[in-house]
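One chain follows as C-alpha cells, the form predicted on its own.
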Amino acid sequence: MTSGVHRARKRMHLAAHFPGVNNTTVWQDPRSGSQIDFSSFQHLAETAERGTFDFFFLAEGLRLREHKGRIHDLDVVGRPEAISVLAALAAVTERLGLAATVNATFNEPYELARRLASLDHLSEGRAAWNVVTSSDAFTGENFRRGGYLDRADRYTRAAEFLATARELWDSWPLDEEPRPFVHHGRHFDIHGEFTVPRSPQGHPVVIQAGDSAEGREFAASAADVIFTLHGTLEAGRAFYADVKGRLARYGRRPEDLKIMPGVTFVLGDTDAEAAERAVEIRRQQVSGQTAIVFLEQVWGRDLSGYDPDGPFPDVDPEPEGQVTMGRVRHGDRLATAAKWREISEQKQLSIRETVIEVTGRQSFIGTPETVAGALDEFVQTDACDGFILVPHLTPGGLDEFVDRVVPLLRERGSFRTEYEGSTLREHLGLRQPAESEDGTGLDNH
C-alpha cells in the first residue's frame, strides 16, 4: 500500500478447504470424523455457509500413494470423487460456492466441461474448477493412456484444455440454439455439439494452484483465483505484486484475479494458550513414524533404524533413490538435506522436531482478536485478497473460526455480514464472461 494514500477498506474473501488429502489432519482426535461419510462434507459446508464464505474447496488425488511398496496409510486412503460430492452439497446449501480439484492431464475437455457445466446448473451458478496438472507416470498408470506428460508440457496442455472447455461453454449462447464447435490443437482435436446449455455463471470460476513461474503466468492469463502458499507478509506482498503485475499483458485488471493462500489457524483464550495448542497440534500431526517416512521420501532410502526423537541422520540422500510413489519430489535432495541438517544443528532439534519445523504451513495463532487482526493486515496491505482455511479437524474444525473470528472481521468492516449475490462470481466480485469467438470466454481479452 502506498504510504499516505487512503483507500476504502478491502473486503476479505474466505474459503474452506475440506481437510484430509494430506497428513495434517489429526485423525486420532476423538472429535475427528469420517473423510468419506456425506455428513462430514455437509457439516463443514454448512458451517462455511453460516460464515458467509465464498466457497468450499475439495482437493483430490488420482492414485493411492505407496511407500516401500505398500499403501501409504499415514494420510488419507480413499476419498469420494469431488464433483459427485459437490453435486450432493448443492442440494443442502444455497449460496456457498463449490470448488472441485480436477486434473487437466488425465481428463478430456468435453467430458469435464459437461460435468462442470452441469454442476453450475444444479447449484444455480456456484461451481468452480481448481485446475491442476501432473507429470507423474505412477499416477498415469491408472488411466487408459498410461504414460504421463513431461513437466514442460503440463501447462501447455492445461492452457489448451481450459481454452477448449471455454470454447465448449461458449458454443451454446444464452437463450439460443447450440453452435457446432471445432477445435484443432496440439493436444486436442475435437468437433461436435455441446449438450449443456449456457450455465448461470457463463463459465464456472477457474482456480489455479501453484507458485512456479509457469503457474504464475498461467494464472495471470486464465485464472479467476490463485491458490498459493506464502509464509510472511513480505513474501505475500512480493507474490501479490508479481502476479498482479502480469495481468495487464493479457488485458486484465488487478481485480480480475483473486489471490488466496491456504492457511491454518489455532485459537485460544490467550495468545499463550493458542501457542501451546499449536505446538500440541503439530505434534499430533507429525508422529514419530510420520517424521521418519517424510525424511525417507526426501532421502530416497530406508531410515527406519533412526530414532525420530534422536539426532538428525548423518547420511546423505540417494540422488536417484525412490521409496515413495505418487508424491511430489523435493527438488535438489542434497541441498534440501543440507538445509534441514543446518536447521537441526542450529536449533538442537530432533528428527521429529525438524520435520515439524520445516513442514509448517502459514498459521495464524492467537486469540480471535489477534487472528482477525493478522488476517486483516495481510489483506489490507496487499499480501493477498483472502484465504483458503485448512482446519486440522474433520468435520468440525471450522466451527470455532466461524463463531469467534468471523464476527470480529465483520465488526472491522473487512468481511460481509450476509451474501449480496447468488453466484460464486458475485461473491468474488468477478465479471460475467462474455460469449467469445476465440475460446477465451473472457470479456477482458
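On a predicted model such as this, the values are computed, not experimentally measured, just so you know. From 1 onward, residues are counted along the sequence shown.
Beyond what is shown, the protein has a form predicted in complex with a small molecule; the following relates to that form.
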With heavy atoms only and a cut-off of 4.5 Å, decide whether Glu193 touches the small molecule in the predicted bound form.
no
Does Ser212 reach the small molecule in the predicted bound form if we count a contact as any heavy atom within 4.5 Å?
yes
The small molecule contact in the predicted bound form: Ser199, any heavy atom under 4.5 Å
no
Does any part of Tyr155 reach within 4.5 Å of the small molecule in the predicted bound form? Heavy atoms only, please.
yes
Partner-proximal stretch of 170-178, 348-356, 276-284, 224-232 relative to the small molecule in the predicted bound form, 4.5 angstroms, heavy atom
224-232
Please identify the residue among Thr164, Thr93, Thr101, Ser344 with any heavy atom within 4.5 Å of the small molecule in the predicted bound form.
Thr101
Counting non-hydrogen atoms within 4.5 angstroms of the small molecule in the predicted bound form, say which of Ser134, Thr290, Ser363, Thr370 makes the cut.
Ser134
